[in-house]
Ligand code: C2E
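Heads up, the chain below is alone and in the form predicted alone; it's given as structure tokens.
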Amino acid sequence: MDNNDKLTGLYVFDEFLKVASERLDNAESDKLYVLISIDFSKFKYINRVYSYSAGDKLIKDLADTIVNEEGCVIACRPYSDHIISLFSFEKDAWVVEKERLKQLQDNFCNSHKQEYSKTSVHLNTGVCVIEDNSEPITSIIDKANIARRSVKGNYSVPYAMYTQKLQTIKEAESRLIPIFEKALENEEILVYMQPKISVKKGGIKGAEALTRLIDEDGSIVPPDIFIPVLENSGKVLDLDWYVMKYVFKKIDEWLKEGRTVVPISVNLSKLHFYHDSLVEDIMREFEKYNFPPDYVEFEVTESVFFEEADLIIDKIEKLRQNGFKISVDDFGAGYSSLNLIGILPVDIIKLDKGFIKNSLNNRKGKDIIKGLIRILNEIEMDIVCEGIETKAEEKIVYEFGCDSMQGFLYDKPIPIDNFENKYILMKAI
């Protein structure tokens, strides 16, 4: 039996399991072993546009890159574009090696950018740090694959580390989807609102619509658990449509009641943009009501634009032509954000809370935030700084030129009734 894959020269899967298990059984005490699972985003699209032979070449190039990387012990190609590799490092060197892993991916993708210019070469990478060398290798591979799938198609992160939280999400899939479908059918999904505040005016200037799901025991399922489940299953489309219809109806009610109304933002998953009739479907729902479209803001995450950008930008431009505002959420979470500023047909940039937190801790970071806000102001882009939690953070960001903010300093996401009573007041008669 041939122990090597014909395309890449890597081990076949069964041989990989055998050799990797032996290496872990005989591991040195000062060594840390890490299993890495990688595949390409939209590999079928690459094959279709460039041919299968070009796709094979890309797989071969990735295999060669991995096995020639320092620390690689063994690698295999289980199927198609999927490559699994076992690495060994000094235990105290892992912090440095994590950065090297990111750099390896950046270099690989950038080196193929020109050759595959009609698409974005991007790797989905899951990493499992092996804490118990006696754990079955198949279990370790499963963990790395869970991490890989958690970031599949997400261009804003270089890789995902396996954590118990990811395992929880994976285990929640079969349980939560029926709960979601029942809540959707019975219109029992909770809609919360989190205000966006103007520091200068000292009041609300908008809000973001968010959701909560009730578990069978009556407790609230955290969104960082059920949202990934819905994204992985495609059910997030149903959630987005539910929230959009809810917001349209609620804005209409508020206006008819004579309340003060601020623009409300709703999320659009990237999956929406693969539907040719997206804009027409939104307009069909919106035209049931009689209020200006500038009361509605559609939020898309920064990572959406790293994949088939032309298709997405075309639909966003059509939404703007119909009068809706478009915002980019989590801006700064990725590592190519500045490339986007000049090409995005959007109205509002929401600076990612992690980006804000990390940048305000040192002088260089502050200079970056200050410069970015200045650039956005110069091109007349509205800015919202997310995740503001302290007056000190507010003061710094406001002095840099950002007036609109969102975060726990002002309010957490709150149930719709509380939001109405606190912010959407009746006009004085």
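Counting begins at 1, following the sequence as shown. This is a predicted model, so every value here is computed, not measured.
FYI, the form predicted in complex with the ligand isn't displayed, but the following is about it.
A.B. asks: Is it the case in the model of the complex that 211, 267 and 407 each bring at least one heavy atom within 4.5 Å of the ligand?
C.D. replies: Yes.
A.B. asks: Heavy atoms within 4.5 Å of the ligand in the model of the complex: which stretch in 323-331, 196-204, 283-291, 82-90 meets that?
C.D. replies: Heavy atoms within 4.5 Å of the ligand in the model of the complex occur in 323-331.
A.B. asks: To verify the annotation, which of these, 315, 149, 353, 77, has a non-hydrogen atom within 4.5 Å of the ligand in the model of the complex?
C.D. replies: When the ligand is considered in the model of the complex, the option within 4.5 Å is 353.
A.B. asks: Could you tell me which one of 223, 71, 153, 345 places a heavy atom within 4.5 Å of the ligand in the model of the complex?
C.D. replies: Only one listed residue qualifies here, and that residue is 223.
A.B. asks: Hey, in the model of the complex, does residue 387 get a heavy atom within 4.5 angstroms of the ligand?
C.D. replies: Contact with the ligand, yes.
A.B. asks: I'd like to check something about residue 302: if you look in the model of the complex, is any of its heavy atoms closer than or equal to 4.5 Å to a heavy atom of the ligand?
C.D. replies: Flag for residue 302 set to no.
A.B. asks: Any of the heavy atoms of residue 240 lying within 4.5 Å of the ligand in the model of the complex?
C.D. replies: Yes, residue 240 lies within 4.5 Å of the ligand in the model of the complex.
A.B. asks: Is there a heavy atom of residue 251 no more than 4.5 Å from a heavy atom of the ligand in the model of the complex?
C.D. replies: Residue-level check for residue 251: no, no contact with the ligand.
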